[in-house]
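As structure tokens, one chain now follows by itself in the form predicted on its own.
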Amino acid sequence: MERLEPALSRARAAGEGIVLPYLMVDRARSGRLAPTVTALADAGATALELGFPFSDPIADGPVLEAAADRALAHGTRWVDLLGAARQASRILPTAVMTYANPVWARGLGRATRELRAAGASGLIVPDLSLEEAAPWRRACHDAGIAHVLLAAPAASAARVARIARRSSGFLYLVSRFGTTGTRDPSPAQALGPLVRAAHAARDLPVLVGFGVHDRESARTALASGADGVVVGTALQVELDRGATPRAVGRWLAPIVAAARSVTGRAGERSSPRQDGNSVRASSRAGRTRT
């Protein structure tokens, strides 16, 4: 089981372009999870974001909200998340995304230890602000998993830098206002200063999410200098249409190719820079309360 942070850092250093697909845990689909994750890995996914359903998913748009409702209706519980993490983490480094309430209900220390024991190596909580994050950061550190923080597009460069310094695994940069969905991310001119602020503050991968749904939207997001993308809603749409694991892999492959082409070119542009600072290999990188 490879861990999240070294896997992302290695892909970043190699200029591969990080692609992190999102899958919702659903008890009714548990038998399809391993073949789907395997197909995503074969298509070039770097790691996986595994979502645990919640009844009030404030960061999620209609597609993922409906997927969460279905999963809850199917009786999906915390034990199903742990089982899914065990399966997925044998194939790809796995971060769990859920909201604060289910974790608090389980107990912060207990939940993070259980996630680590199940093979998860990261935790993403989109309704958790920087000011509330200290106990979560300590619990994740004690359990040995990364605590991934989100930065909103309206954040100042100084705030993004503070968030980057406290995040681990990667920094999740929300690309646009509103919830998850297939609307295109903000242009590079808007995201670029935030990516640069994060990279200046911390040698940590920056991944852009919300709105990445095909090769062109991936290129748009990565033109900001980010290190990778998170792909969720569009993948869920494919699954809702009945796509087989093989079809899901074929669907993801062009996004992976686009990510690698953009980050590779960016690495070539930045590599000759020599100044007083250490040169980073391939360095780039609403309702969400961050």
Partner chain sequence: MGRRFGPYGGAYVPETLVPALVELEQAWREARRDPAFRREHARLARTLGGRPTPLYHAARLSRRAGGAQIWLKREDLLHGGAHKFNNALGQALLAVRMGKPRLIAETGAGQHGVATAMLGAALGLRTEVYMGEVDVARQRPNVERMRLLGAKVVPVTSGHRTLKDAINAALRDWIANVRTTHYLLGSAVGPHPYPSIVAELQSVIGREIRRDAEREFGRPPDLAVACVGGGSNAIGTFRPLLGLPTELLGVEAGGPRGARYGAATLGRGRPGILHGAYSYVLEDREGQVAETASISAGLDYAGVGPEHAFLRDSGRVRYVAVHDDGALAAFRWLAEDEGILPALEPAHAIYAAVREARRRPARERVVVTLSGRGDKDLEVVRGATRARA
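Residue numbers count along the first chain shown, from 1. These figures come from a predicted structure and were not determined experimentally.
The form predicted together with its partner chain is left out here; the points below concern that form.
Please identify the residue among 117, 154, 73, 157 with any heavy atom within 4.5 Å of its partner chain in the predicted complex. Only one listed residue qualifies here, and that residue is 154.
So its partner chain isn't shown here. In the predicted complex, which residue out of 163, 195, 92, 123 has a non-hydrogen atom within 4.5 Å of it? Contact with its partner chain in the predicted complex is made by 163 alone.
With the partner left out here, if you bring back its partner chain in the predicted complex, are 56, 77 and 106 all within 4.5 Å of it by some heavy atom? Yes, each of 56, 77 and 106 comes within 4.5 Å of its partner chain in the predicted complex.
Evaluate residue 142 for contact with its partner chain in the predicted complex, applying a 4.5 angstroms cut-off between non-hydrogen atoms, and reply yes or no. Taking the distances in the predicted complex, the answer for residue 142 is no, it never comes within 4.5 Å of its partner chain.
Given that the partner is absent here, does residue 60 sit within 4.5 Å of its partner chain in the predicted complex, heavy atoms only? Contact with its partner chain, yes.
Residue 130 versus its partner chain, in the predicted complex: is there a non-hydrogen atom within 4.5 Å? The answer is yes: residue 130 has a heavy atom within 4.5 Å of its partner chain.
How about residue 42: is it within 4.5 Å of its partner chain in the predicted complex, going by heavy atoms? Contact check for residue 42: no, nothing within 4.5 Å of its partner chain in the predicted complex.
Contact stretch among 232-240, 45-53, 253-261, 31-39 - heavy atom within 4.5 Å of its partner chain in the predicted complex: That would be 45-53.
Heavy atom within 4.5 Å of its partner chain in the predicted complex - qualifying residues of 243-262: Read in sequence order, no residue approaches its partner chain (within 4.5 Å, in the predicted complex).
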